[in-house]
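Here you get one chain, nothing else, as structure tokens; it is the form predicted on its own.
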Amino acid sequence: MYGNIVILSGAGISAESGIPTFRDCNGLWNNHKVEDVATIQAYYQNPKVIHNFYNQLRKDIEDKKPNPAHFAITRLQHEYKNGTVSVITQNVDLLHEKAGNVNVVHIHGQIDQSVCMNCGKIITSLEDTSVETVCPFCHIQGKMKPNIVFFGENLLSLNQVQKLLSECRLFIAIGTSGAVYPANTFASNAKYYGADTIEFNLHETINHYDFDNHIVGPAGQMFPPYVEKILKQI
């Protein structure tokens, strides 16, 4: 039986809750060029557009509900006794938290947070931000940025991620495209340290060779029975 389990979640798990993926033709970038709303250069050039976009994005997804795959993770975390179950997510939504998931690491940031580009403090709030927003810590106006990792910025918590990967014995990827660096290296890293690897996706990903097993189909349908199987083996 496995020890620690690490789950990497991508946009596919959120798509089953009605949140379009960034890479779909009808995705969240709809009517917006990526370079206009998802790069650090865009933030510095036109912060008003950035604030407006992410204020609206937060409103668009705040009523979305977790699906059976999210709740299966909660069950696994509650009932698995052979080690810890941690989640590394590429998603900025809070569906993992809404489902009761714990030990969640948001490597791309969170839609309910802003970070001050002056003092570095992070503020958690569902309120809109703008170029007029004043940081409650350093009291500087106009330096708040959605705490979302833009192109041109480093991912968050990579040291923590590396520690989790080095200590896990089962690595599970759910709904990830396998196209985004460095998340597309996490499976091979975990495998290097001795973990079994498995992916749940609508199709095999481009880095499918990093996985020992592939389960094709909607995560909400395929992942809960897999959790049941693991728990029965304990």
Ligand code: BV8
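Quantities reported herein were computed from a predicted structural model and do not represent experimental measurements. Start at 1 and count along the sequence shown; that's the residue number.
The protein also exists as the form predicted in complex with this ligand; that form is not presented, and the subsequent description refers to it.
Asker: Given that this ligand is left out here, which of 92, 85, 164, 144 has a heavy atom within 4.5 Å of it in the predicted bound form?
Answerer: Contact residue from the list: 92.
Asker: Report the stretch among 190-198, 164-172, 177-185, 44-52 that approaches this ligand in the predicted bound form to within 4.5 Å, counting heavy atoms only.
Answerer: So the stretch in question is 177-185.
Asker: Wondering, does residue 38 line up within 4.5 Å of this ligand in the predicted bound form on heavy atoms?
Answerer: Taking the distances in the predicted bound form, the answer for residue 38 is yes, it comes within 4.5 Å of this ligand.
Asker: Quick check on residue 151: any heavy atom within 4.5 Å of this ligand in the predicted bound form?
Answerer: Residue 151: contacts this ligand in the predicted bound form.
Asker: So in the predicted bound form, does any heavy atom of residue 75 sit within 4.5 Å of this ligand?
Answerer: The answer is no: residue 75 has no heavy atom within 4.5 Å of this ligand.
Asker: How about residue 218 - does it come within 4.5 Å of this ligand in the predicted bound form, if we only consider non-hydrogen atoms?
Answerer: Yes, residue 218 sits close enough to this ligand in the predicted bound form that at least one of its heavy atoms falls within 4.5 Å.
Asker: Residue by residue through 123-138, which ones have a non-hydrogen atom no more than 4.5 angstroms from this ligand in the predicted bound form?
Answerer: Contacting residues: none.
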